[in-house]
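Here we start with a single chain on its own, the form predicted on its own, put down as structure tokens.
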């Protein structure tokens, strides 16, 4: 049940994950199920933060959704969120962060739930079911968005 002929729900999404296979699966499914027109993949939190900061003056080019892995070398997902907080408001108000992880650690789930920038914690892989869940979540009223 592919949505290849359907107009994508989102213009641009950003996938941040240090694992090539996870980025590939996410990107492939996002395109396969018509979720987004464009997928930007970054293999580190640092490169993603630089990318987002570089678009601060061009909000129309910012990704509407950010899929963020937790376990990454150098700067992990929570380190990304700590630095994300310092980005211009223009960036934070235009992008929605979803944590995407295989972590079963309850501390990670709690930390994500308590972070004002994380809208949802999702388990990998990013498949059709999770994309539909996100679409339903986001198509309701806008009160789901924590950032502000």
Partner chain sequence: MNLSIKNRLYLSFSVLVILFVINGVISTVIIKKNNKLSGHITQVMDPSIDKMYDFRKMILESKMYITNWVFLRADEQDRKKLVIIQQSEFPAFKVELEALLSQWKDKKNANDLRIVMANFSTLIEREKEIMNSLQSFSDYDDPITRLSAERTLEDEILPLADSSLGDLQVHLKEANLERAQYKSELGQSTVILRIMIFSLAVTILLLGVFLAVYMTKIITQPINKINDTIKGIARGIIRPLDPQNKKDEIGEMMVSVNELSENLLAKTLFAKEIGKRNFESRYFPLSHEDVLGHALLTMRDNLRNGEKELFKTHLQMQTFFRNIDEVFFSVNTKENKLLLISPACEKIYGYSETDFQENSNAWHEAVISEDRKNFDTGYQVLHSGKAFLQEYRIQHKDGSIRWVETKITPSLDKHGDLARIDGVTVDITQRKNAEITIKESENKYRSLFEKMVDGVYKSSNEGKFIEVNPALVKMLGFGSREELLAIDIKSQLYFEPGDRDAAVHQDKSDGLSVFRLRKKDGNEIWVEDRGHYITDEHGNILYHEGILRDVTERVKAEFQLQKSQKETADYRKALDQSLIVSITDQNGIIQYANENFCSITGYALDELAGQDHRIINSGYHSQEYMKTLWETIAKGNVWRGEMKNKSRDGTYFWVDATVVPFLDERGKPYQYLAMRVDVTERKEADEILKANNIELKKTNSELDKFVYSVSHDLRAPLSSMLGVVEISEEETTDPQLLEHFGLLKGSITKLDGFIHDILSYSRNSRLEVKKEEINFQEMLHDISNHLKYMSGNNRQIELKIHVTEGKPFVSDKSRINVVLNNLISNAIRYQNPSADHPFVDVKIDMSDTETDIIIRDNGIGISKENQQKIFDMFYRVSENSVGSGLGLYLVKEIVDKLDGKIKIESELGKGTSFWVNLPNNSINESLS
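Residue numbers count along the first chain shown, from 1. Since this is a predicted model, take the numbers as computed values, not measurements.
One more form of this protein, predicted in complex with its partner chain, exists but is not displayed; see below.
Its partner chain is not shown here, but in the model of the complex it comes within 4.5 Å of a heavy atom of residue 103.
None of the heavy atoms of residue 115 is located within 4.5 Å of its partner chain in the model of the complex. Using a 4.5 angstroms limit between non-hydrogen atoms, residue 138 is distant from its partner chain in the model of the complex. When contacts are judged by a 4.5 Å heavy atom cut-off, residue 12 does not count as touching its partner chain in the model of the complex.
Stretch-level contact analysis of 76-84, 55-63, 39-47, 103-111 against its partner chain in the model of the complex, using heavy atoms and a 4.5 Å limit, identifies 103-111. If you take 24-50 and check each residue for a heavy atom within 4.5 Å of its partner chain in the model of the complex, you get 24, 25, 28, 29, 32, 33, in sequence order.
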